[in-house]
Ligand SMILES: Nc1nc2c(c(=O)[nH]1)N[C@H]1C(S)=C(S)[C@@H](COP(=O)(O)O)O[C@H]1N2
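Before any questions on how it binds or moves, here is one chain, the form predicted alone, in C-alpha cells.
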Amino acid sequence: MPSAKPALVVQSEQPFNGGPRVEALCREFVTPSELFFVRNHGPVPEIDRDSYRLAVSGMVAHPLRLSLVDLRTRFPRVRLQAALQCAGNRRREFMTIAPIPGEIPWGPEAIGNAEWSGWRLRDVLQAADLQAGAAHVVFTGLDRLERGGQTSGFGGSIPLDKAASPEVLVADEMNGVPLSAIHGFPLRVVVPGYIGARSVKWLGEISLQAHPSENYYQAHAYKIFSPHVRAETADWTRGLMLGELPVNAVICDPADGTVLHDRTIRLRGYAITGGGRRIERVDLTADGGRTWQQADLSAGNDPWTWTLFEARLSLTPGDYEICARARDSAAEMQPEDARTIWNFKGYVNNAWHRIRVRMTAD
C-alpha cells in the first residue's frame, strides 16, 4: 500500500480511501502529498511508464497516441496551484439528517491544495485538431471497475469551454515530484473549480464528442437530486450532473468537541468556491447568527486554490456552537440549514459549517 496510508484516517481499505485529521489540514497552504485525501473506486492499476500511451480520439482530425516523452517534447510545461475537493466532502453532516447508505462518511477532510505540473489540456486538444460539433471532452482512466454488468475505467467529462481554459491540466507531477500511483501515475486530469471526480486519475484516453460522457460515474453516480427524492423513487434521468463547486467554508482548528481553557479562541480553516470566482469574506458566529465576526483571509485568494482564514473570538465559560460561512465574488453565500440541500447521495454539502466547543471556567 502507498506510503500515504499511515498519515491518513482510513475510510476503507479496499478500495483505499482516506483523508487527514481535519485539525492538521490547514497548517500549510500547499497540502503535503502524504496528507492529500485519496478517493478510489477500485484497485490502483499498475502501469508501465515506457509502454504507456495517452490516446486522443473521437471528433478530432488527427487522433493521437502520446508517450510521456512526446508530451514533454511537444508541449510547454506549466505549473499551477489548485485545490481538489471530493463531491462527498462533509457528507457525515448530511448523515445526521437521514441515512445515506453505501457512501463514504467523509467529514470536511476530503480536500487538498497542491502544486500540479504538466501540460495544458487545450494544447493537447489543439494538436489533435478538433472537428466541428465537438462540445464535451471525455476522460477515461486505466483502472478497471465493474458497474451494471460492464467493466470499464473510471470516467467523466467536462464541457469543451472548460477544457479549453488555461487552468485545466494533464498533470504528471504533484508538489514537485512525479505522481504516486495512488494519486494517478502516470497522468491525471486536474480540473480546478469542479468536483474532484472530473479530475480523472490514471488517464488512458481523452475523447471529443457532442454529448457528455456515458460512463457510469458521469451519467449515473455523480448526480444530485432534491431533498425530497429518495434512491428508491429517483428518476435517474432527471438528476443533475455535478460540475462546478459551490462556495464553502470549514473550521479546521479547533476540532469539533474541543474543550478550551483560554478565553480567546483562535479559529483556522479553509474556504473554496468554483466557477473561477474568488472568496471575498468568511464570517464566524458563536451566538446563532445574531452577531458575526469577519475572519482574516490569511493565505491565498486565487480562483483555483483554497483560501485559508483565521480569526480570534473571546468567549466566556460555557458551551458554544461556532458557525462559519463564506461569500464569493459573485455574492454567493452558503445556506444556513443543511436540510434544505440534503440529497440521498450526500453530495456538495456547503451549509454553514458548525463545531461545538466548551470553554471551561478554570
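Just count from 1 along the sequence shown to find any residue number. Note that the structure is a prediction, hence the values are computed from the model and not measured.
Unshown form predicted together with this ligand; subsequent notes refer to it.
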Exercise. Is there a heavy atom of residue 325 lying 4.5 Å or less from a heavy atom of this ligand in the model of the complex?
Worked result: no
Exercise. Wondering, does residue 200 line up within 4.5 Å of this ligand in the model of the complex on heavy atoms?
Worked result: yes
For this session: Determine whether any heavy atom of residue 91 comes within 4.5 Å of a heavy atom of this ligand in the model of the complex, and answer yes or no.
Result: no
Exercise. Is residue 171 close enough to touch this ligand in the model of the complex, meaning at least one heavy atom pair within 4.5 Å?
Worked result: no
Problem set entry | Sole residue of 118, 196, 186, 239 within 4.5 Å of this ligand in the model of the complex, by heavy atom | 196
Problem set entry | Heavy atom within 4.5 Å of this ligand in the model of the complex - the one residue of 221, 86, 245, 163 that qualifies | 86
Seminar exercise, completed: Here the chain appears without its partner; judged in the model of the complex, the stretch of 138 to 146, 278 to 286, 125 to 133, 253 to 261 with heavy atoms within 4.5 Å of this ligand is 138 to 146
Seminar exercise, completed: Contact check, 29 to 45 vs this ligand in the model of the complex, heavy atom within 4.5 Å, ordered by sequence, gives 36, 37, 38, 39, 40, 41
